[in-house]
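Take a look at this single chain, the form predicted alone, given in structure tokens.
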């Protein structure tokens, strides 16, 4: 079985990398990190012009219908560049939710705008720290009216639309999904501080806000599980791209930095650390490629492949970003060096759709269920 990308997909990868190298260098990332902007509009507009948001959205809904393998390629490059844009919230989560559970009218109304990048959407699910679990949700919806709050919501200050997970029944899994226009007067938003200021986080309060039901009532968590499996593969590719870039940064510095008349990369301790980084990144790559295959073919193994890719990529990105700082020594801890950009992003992505421990538990459960079948 060949998991390698095709020549066309590699060409797409090169085109996206050239664009991001030119328009999303560290100085462009730092305009968001150090400034008041919540995302880099110039980079977002460039991605729009390239038509990348609609990569996996079918043509009948305004996308290019290229496929999920192409979207994985794009995700890897976005992660490599630490791109400060709301791509993942709008495409991996919101658009996928509409594709999984939206009616034909909802898809026609919203997917073309998401595919064009003219509208930004997000998924509002978290209400507190800890595991993402339907039994802990308290925001309520009744007859299309929502009351409660969500925090943190990734890209919540930026988004025009949100798909909100709301409690609609007494059972722990009685939750439903609602499409909500965030420009309503009944909604207030507050930007939150986070470990990675290059990605927006917000608290959103819903005070009798109106929403449109997506999917079947009280079956929203079934949809979320499907969307998270798809999103896990795409987020894993972002993490893979970041891990690879952190590894390259560490290797380059180890070759250039001299101590006692020798490159520090020639010392055994540094060589072993770099070798461990390489192993974790390559292990993540093999698992991500398996996940990409399962996602692109809608294979029965998707649930297991997604969890495996998510766990391996989360571990690799955190490992490589941390050891990149260590390789740079005292300079690696300074604001002027870029090492902390990847360290920040690795910790944000490690939690965005559930923690690594939660995905490890899911992987064990899924493997046990398969073996018992």
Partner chain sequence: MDFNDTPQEAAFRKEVRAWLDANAPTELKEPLESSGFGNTNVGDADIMEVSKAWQKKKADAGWACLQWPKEYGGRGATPIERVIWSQEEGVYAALSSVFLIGQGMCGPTMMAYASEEHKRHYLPKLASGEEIWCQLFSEPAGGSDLAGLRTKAEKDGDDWVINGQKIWTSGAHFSDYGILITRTDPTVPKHKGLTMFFLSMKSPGIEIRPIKQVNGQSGFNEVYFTDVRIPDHQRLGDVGEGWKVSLTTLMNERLSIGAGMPTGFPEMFELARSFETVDGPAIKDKALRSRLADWHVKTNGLKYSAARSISALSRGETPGPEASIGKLVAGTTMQDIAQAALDLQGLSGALTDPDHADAAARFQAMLLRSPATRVEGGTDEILRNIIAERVLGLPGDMRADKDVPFNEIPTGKAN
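From a predicted model like this one, the values you see are computed outputs, not experimental measurements. Positions refer to the first chain, counted from 1.
Omitted here: the form predicted in complex with the partner chain. The next part is about that form.
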(request) Determine which one of 142-150, 97-105, 247-255, 162-170 lies within 4.5 Å of the partner chain in the model of the complex, judging by heavy atom distances; exactly one does. (result) 247-255
(request) Taking 4.5 Å between heavy atoms as the contact cutoff, choose which of 339, 43, 32, 69 touches the partner chain in the model of the complex. (result) 69
(request) Counting non-hydrogen atoms within 4.5 angstroms of the partner chain in the model of the complex, say which of 282, 212, 181, 174 makes the cut. (result) 282
(request) Give a yes or no for residue 289: in the model of the complex, does one of its heavy atoms lie within 4.5 Å of a heavy atom belonging to the partner chain? (result) yes
(message) Residue-level question: is residue 138 within 4.5 Å of the partner chain in the model of the complex, judged on heavy atoms?
(response) no
(request) Please run the contact check for residue 131 against the partner chain in the model of the complex: heavy atoms, 4.5 angstroms, yes or no? (result) yes
(request) Check whether residue 87 has any heavy atom within 4.5 Å of a heavy atom of the partner chain in the model of the complex, and answer yes or no. (result) no
(message) Let me test this: is every residue among 26, 28 and 74 within 4.5 Å of the partner chain in the model of the complex, going by heavy atom positions?
(response) no
(message) With the partner left out here, which residues of 250-273 have a non-hydrogen atom within 4.5 Å of the partner chain in the model of the complex?
(response) 251, 254, 255, 262, 263, 265, 266, 268, 271, 272
